[in-house]
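The chain below stands alone and is given in structure tokens; this is the form predicted on its own.
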Amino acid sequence: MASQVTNAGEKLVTVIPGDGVGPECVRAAQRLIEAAGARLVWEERAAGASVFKQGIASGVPPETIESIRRTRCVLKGPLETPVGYGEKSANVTLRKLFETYGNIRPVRELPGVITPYSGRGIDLVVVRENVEDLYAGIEHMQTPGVAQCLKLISRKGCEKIVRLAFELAIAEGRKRVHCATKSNIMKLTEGLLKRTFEEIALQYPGIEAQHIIIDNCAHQLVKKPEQFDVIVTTNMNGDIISDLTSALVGGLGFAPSANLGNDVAIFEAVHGSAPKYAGKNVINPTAVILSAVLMLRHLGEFEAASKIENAILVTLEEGKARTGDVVGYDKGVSTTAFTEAILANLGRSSQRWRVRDYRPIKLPQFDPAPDTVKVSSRRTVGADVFVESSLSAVELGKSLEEIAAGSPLRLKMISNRGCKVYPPTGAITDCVDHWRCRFVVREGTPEMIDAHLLDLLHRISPRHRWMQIEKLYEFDGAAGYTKAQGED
């Protein structure tokens, strides 16, 4: 991805100061970038709370979108998502608008920031898929008391994030990539990431590849975090464990991030807008400054990036200027004083704390056309019909069996909250009014066709309220659906 360059050879960057403490932190980062000699031109644009108040539901105005399309690179302060007005988070809107599919969150032990893990040598990167999974935000109230959120995991999305994780490992000289999933439970969605990871890992023989269950990953991060180098994972898992990892090294004040896509990159701190500290000149700007360091490397400004990172390490190591989140707000230095201390240390390097040698990340390239996974054969073997009913499992089951009599489809089972309840298994299940009713083709019917399903729904509708259907497929002879707990 090439950034836009002026006629004078300067690189264009859209800067969004943000809400709350954002402008203070962003200004600190800009001062250091300018002092380090990077040749950037800033285009300041708005997003977040001030835009919501203008009645723009996304929190991102057209002029900001136009600037980002042109510059392809954003340094952003934290944005507030107001309660009571506005819609989606402006942060999420920006990531999705520009398909920044990879969220990079480096975590490293820092000098002078004392934690229970000091001296353990923590130095890892969480690579989080950034646009799909549960965070696609597709939700429905299926009954008045049952909500659904669709967990969408695509093969294309998995391949993009896995390749990015391996390419980042190469660029940073790292030796190991863990793939963290919950594929022991969600075998199709989380399992798709696991299977894609294991396939693509073979193309990177120089990198050690390991799969780990996400809950064990969280356990191991607390127990022995120094064993990890790169962790690639799905969107919600990555959101959770990246906050966990930042706590290991001192908190969100030291947690930068990069949102990378093939066309646009957005750099921002992980922390929020912290409105109670806004304008008080007490906030720790390190996370935004380190995000700017990531941006400089992305833009090819490696010398300026290393100069700023070294200056931060020296400043923290000296311990003369420490912000309130580290030593208490009654003792900490101001945001301005901390920035001045880093500026004074530009050009210096620590003898104990090394800055990695970085190379450009080779972003994987993909056809922008909708991805289609090819299969040799597919067969439709039935459908799950989701029904709202206040009947018992046995009453509903007998009713549906009666309804389906004479149809090419038969009722195989009913589940409630994932557990088979009809035919009865003897299990004790606290049921709600949301039933998954699985119908499959009868013996002698080779495949379900739409006419079979439409006939079944026509039969069900007069007696029961249904709200959703899912066809049951076999792809290349393998079931493309999971069984309920207790289903044979």
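Each residue number is its position in the shown sequence, starting from 1. Not measured: the values here are computed from a predicted model.
Although it is not shown, the form predicted together with a small molecule is what the next lines describe.
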Practice task
Would you point out which of 90-98, 388-396, 168-176, 147-155 contains residues with a non-hydrogen atom within 4.5 Å of the small molecule in the predicted bound form?
Solution key: 90-98
Fill in the blank from the handout: Note: exactly one of 123, 159, 325, 132 sits with a heavy atom within 4.5 Å of the small molecule in the predicted bound form, namely 325
Practice task
Work out which of 252, 404, 343, 333 lies within 4.5 Å of the small molecule in the predicted bound form, going by heavy atoms.
Solution key: 252
Practice task
Would you please decide whether residue 270 lies within 4.5 angstroms of the small molecule in the predicted bound form, comparing each non-hydrogen atom pair?
Solution key: yes
Exercise for the section: Classify residue 307 as contacting or not contacting the small molecule in the predicted bound form by the rule of any non-hydrogen atom within 4.5 angstroms, answering yes or no. Expected result: no
Exercise for the section: Answer yes if any heavy atom of residue 284 is within 4.5 Å of a heavy atom of the small molecule in the predicted bound form; otherwise answer no. Expected result: yes
Exercise for the section: Classify residue 189 as contacting or not contacting the small molecule in the predicted bound form by the rule of any non-hydrogen atom within 4.5 angstroms, answering yes or no. Expected result: no
